[in-house]
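One chain comes next, on its own, written as structure tokens: the form predicted alone.
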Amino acid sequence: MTAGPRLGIFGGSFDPPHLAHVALARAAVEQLGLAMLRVLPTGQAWHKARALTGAEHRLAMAREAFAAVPQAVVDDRELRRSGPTYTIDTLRELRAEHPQAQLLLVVGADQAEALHTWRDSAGILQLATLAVAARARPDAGAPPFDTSRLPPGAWTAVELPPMPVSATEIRTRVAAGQGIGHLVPPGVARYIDLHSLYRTTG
């Protein structure tokens, strides 16, 4: 692994981005000493059964959510890519663009444990070190991160308190006419209201 500047990669559907996403981004920048954190709203997610909210809305909400996070840059490349979005393709692109950088893929514990189901998971681990928020699960009662799921040396921890917040809960609350101000950044709450997002469950 190169010892060049550290470039973080933080992907997700961000439908919508919420306070746990922002907290993880801040923790990753601070704890990993990142020169830059690329925040990547996913395009056509191969693993999502439901249709995602329009790309323009998720991109705008991500820009609102991460605007105050130092070193964070919202990157729309996966939204512009045709076909299903795969992390391995994004990592290959970023490696070509930043050949000297050390790539760190920021994920939650549930994503890290499911890495073996991702396309070319071995290639992912060759290109990037996983930065795992071991306790950042949307389900407060979930078991601790199973470190045996990953090879030794393939990952590093990002310390973050348990934050039982999920995008599913937020969409459900909006559809039911309930408040979400305690779950998302103010700009995201305003955007959701302005564009009448999530008013019906889907």
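Computed from a prediction, not measured in an experiment: that's the story for all the values here. A residue's number is simply how far along the shown sequence it sits, counting from 1.
There is another form of this protein, the form predicted in complex with a small molecule, and it is not shown here; the text below is about that form.
Legend entry - Proximity to the small molecule in the predicted bound form (heavy atom, within 4.5 Å), stretch among 119-127, 69-77, 86-94, 100-108: Single hit among the candidates: 100-108.
Legend entry - Exercise: T147 in contact with the small molecule in the predicted bound form, heavy atom 4.5 Å: No, T147 stays farther than 4.5 Å from the small molecule in the predicted bound form.
Legend entry - G11: touches the small molecule in the predicted bound form, heavy atom cutoff 4.5 angstroms: Residue-level check for G11: yes, a contact with the small molecule.
Legend entry - Q31 within 4.5 Å of the small molecule in the predicted bound form, heavy atoms: Flag for Q31 set to no.
Inset, instruction - Please run the contact check for I192 against the small molecule in the predicted bound form: heavy atoms, 4.5 angstroms, yes or no? - result: Contact check for I192: no, nothing within 4.5 Å of the small molecule in the predicted bound form.
Legend entry - Selected contact from A154, A157, L160, L59, since only one has a non-hydrogen atom within 4.5 angstroms of the small molecule in the predicted bound form: Answer to the contact question: L160.
Legend entry - One residue of A27, A55, A35, A134 in contact with the small molecule, assessed in the predicted bound form (non-hydrogen atom, 4.5 angstroms): Only one option qualifies, and that one is A134.
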